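We begin with a single chain expressed as structure tokens, specifically the form predicted on its own.
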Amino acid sequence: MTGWVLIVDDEEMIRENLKAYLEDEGLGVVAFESVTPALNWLRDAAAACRVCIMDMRLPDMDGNSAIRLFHQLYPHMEFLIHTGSSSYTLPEDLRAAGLEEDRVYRKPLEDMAPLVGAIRMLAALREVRP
């Protein structure tokens, strides 16, 4: 897989554990605690970022709004949602943008293998699409 996986999650332990696990799986990973530094990084690396794992509760913007913004700025990017909210449901506009319930992962993940599989599948889709 070429390109980076971007993690945006304000919980340091979750963010760093997820980053370490994905790196152990051979993935290039960059992680930020909020949307603003992630956007700053994306300005330089957007073409290389294929998949973003987005938390829903962030200090500077909610995850749904962040996905909308990222999708508008970087339409090639695919998204996975990583949330601690048991009541989270995908808004209709995010469904229309291609997200489905199978892209929502609930914290804490007992098994990260399905998340890694989803990342690899989404990254592969982006490698064959323009």
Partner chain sequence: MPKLGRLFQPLYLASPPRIRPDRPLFQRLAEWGALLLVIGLSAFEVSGAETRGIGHGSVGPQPVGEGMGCAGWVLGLVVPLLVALFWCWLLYRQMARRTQQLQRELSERRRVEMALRESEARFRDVTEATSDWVWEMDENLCFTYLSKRFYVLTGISPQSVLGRARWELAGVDVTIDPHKWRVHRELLEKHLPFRDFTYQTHLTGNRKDGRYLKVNGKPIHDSQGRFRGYRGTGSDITEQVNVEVALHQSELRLRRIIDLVPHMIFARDRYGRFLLANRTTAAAYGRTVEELVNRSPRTIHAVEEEVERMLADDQEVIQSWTSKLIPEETFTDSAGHVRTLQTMKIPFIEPGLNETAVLSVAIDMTEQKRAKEEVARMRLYLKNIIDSMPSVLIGVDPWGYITVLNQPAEHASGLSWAAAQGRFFGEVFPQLENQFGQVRQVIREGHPIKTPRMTLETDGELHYADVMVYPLMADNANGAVIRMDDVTARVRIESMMVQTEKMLSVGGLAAGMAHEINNPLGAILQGSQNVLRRIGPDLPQNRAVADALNIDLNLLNRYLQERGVLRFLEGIREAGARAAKIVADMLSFSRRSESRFAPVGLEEMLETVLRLAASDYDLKKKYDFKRISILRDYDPALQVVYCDKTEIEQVILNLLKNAAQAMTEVNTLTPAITLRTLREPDNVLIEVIDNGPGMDDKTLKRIFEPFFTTKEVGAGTGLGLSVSYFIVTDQHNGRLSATSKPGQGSCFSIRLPLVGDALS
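Values in this document were obtained by computation on a predicted structure and should not be read as measured data. Positions refer to the first chain, counted from 1.
Heads up, the form predicted together with the partner chain isn't pictured, but that's what we're talking about next.
- Comparing 76-84, 90-98, 29-37, 61-69 against the partner chain in the model of the complex, the single stretch with non-hydrogen atoms within 4.5 angstroms of it is 76-84.
- G117 falls outside the set of residues with a heavy atom inside 4.5 Å of the partner chain in the model of the complex.
- Proximity of M121 to the partner chain in the model of the complex falls outside the 4.5 Å heavy atom cutoff.
- Contacts between stretch 22-43 and the partner chain, counted in the model of the complex as any heavy atom lying within 4.5 Å, involve E23, D24, E25, G26, listed in sequence order.
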